[in-house]
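A lone chain, given as structure tokens: the form predicted alone.
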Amino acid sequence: MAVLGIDIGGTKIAAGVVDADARVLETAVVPTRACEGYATSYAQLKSVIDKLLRDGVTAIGICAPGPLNPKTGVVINPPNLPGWVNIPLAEQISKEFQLPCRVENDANAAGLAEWRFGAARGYSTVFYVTVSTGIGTGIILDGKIHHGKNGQAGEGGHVTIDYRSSSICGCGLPGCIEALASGPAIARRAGMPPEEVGRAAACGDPRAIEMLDETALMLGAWLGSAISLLDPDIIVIGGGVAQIGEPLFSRLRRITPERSINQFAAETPIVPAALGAQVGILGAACTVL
């Protein structure tokens, strides 16, 4: 058994043929060409499916940026996919290629992949976080994505931690954790990319250490609240900012329990994601495996 896993991003569409053991048998990548509008980027999606479709592929899983409704397979209006407004993507792809198709939020799909194949394997309740250009989250409960009543659950990046903040998130709200601790937010404060902040802090640079401490405090306060709310078995963190590595994770493990009412918070593992650059392909595949 094999399925197609497709990860639609603002700049590229990555796809792969994935078997039930999480082996990616073949891959293809095409530019999204999102700025050219829906018709062009949708044609790019179809082209990558055509490249990989083979006998034995039984379904197509797609992960895409939100907002979208995974229950209906409708892409609602993602900011980095211009023109994708109320697109019944799962239905369209299923009809065109005569295969079952499921569409899922990209962070949810990545969390499911980490639960099934990666750092959260063997755990029941998982809080998955990706910290890069934005901050996305996925909540996995007993091996299932928690979608909520309208399919909109898990938008943890838009939880406000400072409602008086002058930092306005892309969603329009002040003080979202995404506006304060995402990669671009770190770069604005530090004057350097997040990975350079980590390296400079490791070398003792006072400004970089200050920036890392500040970022860890904000993320730790937010994660502490997540533990108070969800009491997860494990927190898995991926994305570009996670590449800072132990200088960030050691701070988060210290700060997060201090910011939670949960008396067992210090026992909640906070670990790096394990699946790397293929997490989107694997996550999309997981939705239909």
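Each residue number is its position in the shown sequence, starting from 1. Predicted model, so just to flag it, every value in this text is computed and none were measured.
Below, we turn to the form predicted together with a further copy of the same chain, even though it does not appear here.
The contact with a further copy of the same chain in the model of the complex, taken as any heavy atom within 4.5 Å, belongs to H146 out of R121, R207, H146, K95.
Screening P31, G240, P67, G37 for any heavy atom within 4.5 Å of a further copy of the same chain in the model of the complex leaves a single hit, P67. Contact annotation for G156: at least one heavy atom lies within 4.5 Å of a further copy of the same chain in the model of the complex. Residue contact with a further copy of the same chain in the model of the complex: T125 places a heavy atom within 4.5 Å of it. Contact annotation: D231 falls within 4.5 Å of a further copy of the same chain in the model of the complex, judged by heavy atom distances.
Residue contact with a further copy of the same chain in the model of the complex: E267 places a heavy atom within 4.5 Å of it. For the marked spot (L141, L173 and Q263), a heavy atom within 4.5 Å of a further copy of the same chain in the model of the complex is present in each of the three residues.
In summary, the region of this chain contacting a further copy of the same chain in the model of the complex, judged by heavy atoms within 4.5 Å and restricted to 240-248, 254-262, 22-30, 50-58, corresponds to 254-262. Residues L217, M218, A221, S225, S228, L229 are the members of 192-229 with a non-hydrogen atom no more than 4.5 angstroms from a further copy of the same chain in the model of the complex.
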